[in-house]
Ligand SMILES: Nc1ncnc2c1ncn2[C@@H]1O[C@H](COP(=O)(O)OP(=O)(O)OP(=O)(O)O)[C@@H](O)[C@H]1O
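We begin with a single chain expressed as structure tokens, specifically the form predicted on its own.
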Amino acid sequence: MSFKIAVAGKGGTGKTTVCSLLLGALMRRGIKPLLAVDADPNSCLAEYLGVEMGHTLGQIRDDTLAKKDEIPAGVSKAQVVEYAMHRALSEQDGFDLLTMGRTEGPGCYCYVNNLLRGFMTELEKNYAFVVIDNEAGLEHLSRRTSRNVDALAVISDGTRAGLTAAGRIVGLVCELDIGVGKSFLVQNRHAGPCLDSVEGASLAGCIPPDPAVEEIGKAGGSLLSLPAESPAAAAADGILEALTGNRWR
């Protein structure tokens, strides 16, 4: 049974950075196999991990519908989609990456979407950990796409406005009852003591501003190369322990 961590938050708080740091913390512990899922239509997790992005599940969905009349006799649409989805899984050293891609366009995607959900359900069983980078805002929560996760990390910056936005997300999680084991607050790029938490979410920790993170970003490198002793990496180690209840020390 995999342990699933989903990351949510308003735009600009550094969700993808936090996802990358958590993946790095897991890799330093030698935990494997690991699956990273980029569920943001504005896909950029591959870039942060130093991976060249290949096919996305969104492209597969479009291609399947566009070529539905070209499927050979005796081959089901489900078989075609499953094969294509396996090709979309990018296997890296220490982790696999799956990029969901853009949201739906015109046409009926219900059947293919059901196949995708079934594929994801089966795929996740093969991994010790799944880390999901969600799109910004609240829409993915209202669509219940961030469901059945063990820990939800809600990212805020070091401002009251950021905490207010995080509080709205946590409130919606509680209202929708989407199968989140526990919600946590993570304050990113926050210097000084952590601010107060928000109702319904435990404070997992704060990630301080880190020049090394900024330099890697400017150079277009992988945040997985961040030294373990850097402030951001050290903070991510502590946050991972909070999210998992220290069970993966």
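Owing to the predicted nature of the structure, the values given are computational and were not obtained by experimental measurement. One rule holds for the numbers: they count along the sequence shown, beginning at 1.
Below, we turn to the form predicted in complex with the named molecule, even though it does not appear here.
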**OP:** Tell me, please, which stretch of 54-62, 23-31, 176-184, 202-210 lies within 4.5 angstroms of the named molecule in the predicted bound form when heavy atoms are compared?
**Re:** 202-210
Original post:
With the cut-off set at 4.5 Å between non-hydrogen atoms, does residue 47 touch the named molecule in the predicted bound form?
Top reply: no
Original post:
Even though the named molecule is not shown here, does residue 230 get within 4.5 Å of it in the predicted bound form, heavy atoms only?
Top reply: no
Subject >> Distance check, residue 221 to the named molecule in the predicted bound form, heavy atom within 4.5 Å >> reply: no
Original post:
Looking at the partner-bound form in the predicted bound form, is residue 217 within 4.5 Å of the named molecule by any heavy atom?
Top reply: yes
Subject >> in the predicted bound form, residues of 1-33 near the named molecule [heavy atom within 4.5 Å] >> reply: 10, 11, 12, 13, 14, 15, 16, 17
